[in-house]
Every structure is written in C-alpha cells, then in structure tokens.
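Okay, here we've got a single chain as structure tokens, the form predicted on its own, with questions on binding and movement later.
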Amino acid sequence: MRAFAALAAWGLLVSASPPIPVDDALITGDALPASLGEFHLLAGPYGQKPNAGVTPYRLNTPLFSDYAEKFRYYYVPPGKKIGWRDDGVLDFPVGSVLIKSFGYPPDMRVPAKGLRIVETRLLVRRASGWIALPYVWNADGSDAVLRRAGMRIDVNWTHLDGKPRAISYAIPNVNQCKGCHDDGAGGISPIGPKARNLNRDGQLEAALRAGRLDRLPAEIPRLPVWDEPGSASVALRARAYLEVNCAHCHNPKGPANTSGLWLNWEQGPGPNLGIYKRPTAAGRGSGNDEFAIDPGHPERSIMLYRMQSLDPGIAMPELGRASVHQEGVALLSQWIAAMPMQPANQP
C-alpha cells in the first residue's frame, strides 16, 4: 500500500512527455554515456517523467533493497515486440532498456512526500547482450552521472515504526551487478520481469494492446504478492519471496547451484528447498544450526539466521542490503513455524 501511494503520486507527474525522443542509436551503439540524460528515457527533476514509449510497471513481489522505494520502467524500440515466455524473463528485443530508480522519503509513513531519488540503474539490451549502467543523481536532480565503479551514499529516514534509520546505501559496481544478474553463460540478464511477476493490474494485457508484447496465452501464471495476505497462503507468499530475493543465485543453473539449495518457484518440497537440508560449506554461516530449514523451528533454521545477519561473511543475500528485512524474516518465520516436523525430529 505504501509503495502504491508513492507510485500514484509519481504518476501525477508523468502526464506530459518531453518532445525529444529516446535516442535509439545511443541505446544500440557501443558508447557508455556519461550521463543518464543523454538517453532521453526520463525527464524532469530526478527523472520523474518517463518519455514517450517508456512504460511504468510494477512487480507482484519485488526484490528487497534496504527499504528503498523503487520505480520501474521498460522501453522497447518502435516496431519491435517483447517475446512471451511461459517461464523465465520475457524476451526483450535488442534496443530495449529496463530502468529502475531508487529513492527514499524523509518519512516512510508519508512515502510520497519529499522523495529523494538516489540512483537509476539501466539494463540495456544491445546486439552483444545486456549491459548494466548505474547512474547516480546530482544533488539538484538535474541529471545522473555514470558510476561504473559504484559508490556508497549515507541515507537517513524515519521508518514505519517512527524510529530513525541510517544506512550506508551501496550502489553496486558493474561486476557486482553480475552477482545477481548472472546469465550462466558469462553475461548478464534481467531477473525481475517474468510473466508471473508482471501479471497484475492488467499490465500484460495493456502491453499486448499497445503492440509491445507479441502474444498472451489463455492462462497467465501469477506470482503472489508477498505482503498481501489476501493474495495467497503464507506458504505461497514465502515461496514468492524466496523466488525473487534468492532464486537468481539459488537455482539448479545459478551461481549458487553447487550449494544444493534451490529456492526457485518451480522447486518442489524436500531437501533442495532447504527442508532438513544440511549445509555443504556454510562454515560459520551455519550459526551452529543443523538445517537450512528446520520445520517447526525458525529459530534453528540457518536460512533465518543468515537473513538476520549483517556480517558480510554470513548475511544472505550477499549483496544489495545493509539492513535486515524484518517483514521478510517475519513471513518466512511464520512459514517455517507452521511446517510439520518429521517423526524422527519430533521431541
């Protein structure tokens, strides 16, 4: 609800489009533009106005990023369409751009007031593959500057509980981008815009009507909204959370495949999902606990232990957070607490 309020306020600012069209030649060329403004994808202070052809979208369950408010857009060049895929990320054609801006309001309880955009990340689809370009906004919001080496920015806000929060917000370097966006073949790929995660608010149907999507099947899969109890059971919402926050590494083909812990949406119950699974090489990351998921015992589950740690040698996910996602921990704790214990493990 909080994110929706921020998005609605954001949407009030997008009614007009700047006259300069998106620079398709720059998108498909070899240059790495020093400023975000050169693409003409966004306009206005802090890029609050998407240009013509740049479409806002939302995900059912987004990646946790230190409580940042995030605003997503995609661009598909004229005359081209996104290819439907039943599974995995939709097939964006060469010349496409995925855009994500990160920001913080002074007070999370009033998310639309005084929002400060910190950075905007681009994933650009060129003929050679996807490239990641992180841009950091100037203090006056006039443009954002390419920071391929990444950087840290001090961020402060009043949290939902009314208490002050302060973090050293990390803007990843391009190599760190690969840590989450590894395509398994030496390149990178998007991880968020899967059909099931985009299936909300008629977004896919609108893309089809606009000629930006090539087709829609009769049955469209849908990922639950992790923090909306009415969208699915606790178990399914917990699985949606793991799919988005962990499965880009923890899947049978991902960078963490050798761990044997596979948290992708398709994974069935059992040891590979973490249930009564002993760690392969967690070291001190195990917290002296025995199983990744110990049914009935979230307090004894390695997964929860690592989610609640900020120690770089223990914390999971390894990148993209400097704070504990308390609401995510609460959801997974509820899920694990309700799991039936095997007879051999019952007291």
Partner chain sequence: MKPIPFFVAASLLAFVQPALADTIRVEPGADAQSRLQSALIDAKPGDIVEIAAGRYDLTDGLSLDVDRVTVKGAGPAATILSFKGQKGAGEGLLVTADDVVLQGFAVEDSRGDGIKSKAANRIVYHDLRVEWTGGPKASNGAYGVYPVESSDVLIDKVTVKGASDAGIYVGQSKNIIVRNSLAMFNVAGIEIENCYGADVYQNVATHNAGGILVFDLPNLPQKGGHSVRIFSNRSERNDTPNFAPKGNIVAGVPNGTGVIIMANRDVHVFNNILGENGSTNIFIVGYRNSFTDTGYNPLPANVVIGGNMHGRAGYAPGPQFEGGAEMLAAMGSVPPIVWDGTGSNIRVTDKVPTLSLGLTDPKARATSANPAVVDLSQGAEPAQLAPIVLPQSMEAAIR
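Numbering follows the first chain given and starts at 1. Since we're looking at a predicted model, the values are computed, not measured.
Missing here is the form predicted in complex with its partner chain; even so, the following discussion is about that form.
A heavy atom within 4.5 Å of its partner chain in the predicted bound form is found for one listed residue only; from Met108, Ala247, Val174, Val89, this is Val174. With a 4.5 Å cutoff on heavy atoms, Lys81 does not count as touching its partner chain in the predicted bound form; it lies far away.
Although the partner is absent from this view, Arg152 contacts its partner chain in the predicted bound form, with a non-hydrogen atom inside 4.5 angstroms. Contact annotation: Ser128 falls outside 4.5 Å of its partner chain in the predicted bound form, judged by heavy atom distances. In the predicted bound form, no heavy atom of Tyr75 sits within 4.5 Å of its partner chain. The stretch in contact with its partner chain in the predicted bound form, judged by heavy atoms within 4.5 Å, is 174-182, chosen from 174-182, 225-233, 210-218, 191-199. Residues of 132-151 that come within 4.5 Å of its partner chain in the predicted bound form, judged by any heavy atom, are Val136, Trp137, Asn138, Ala139, Val145, Leu146, Arg147, Arg148, Ala149, Met151 in sequence order.
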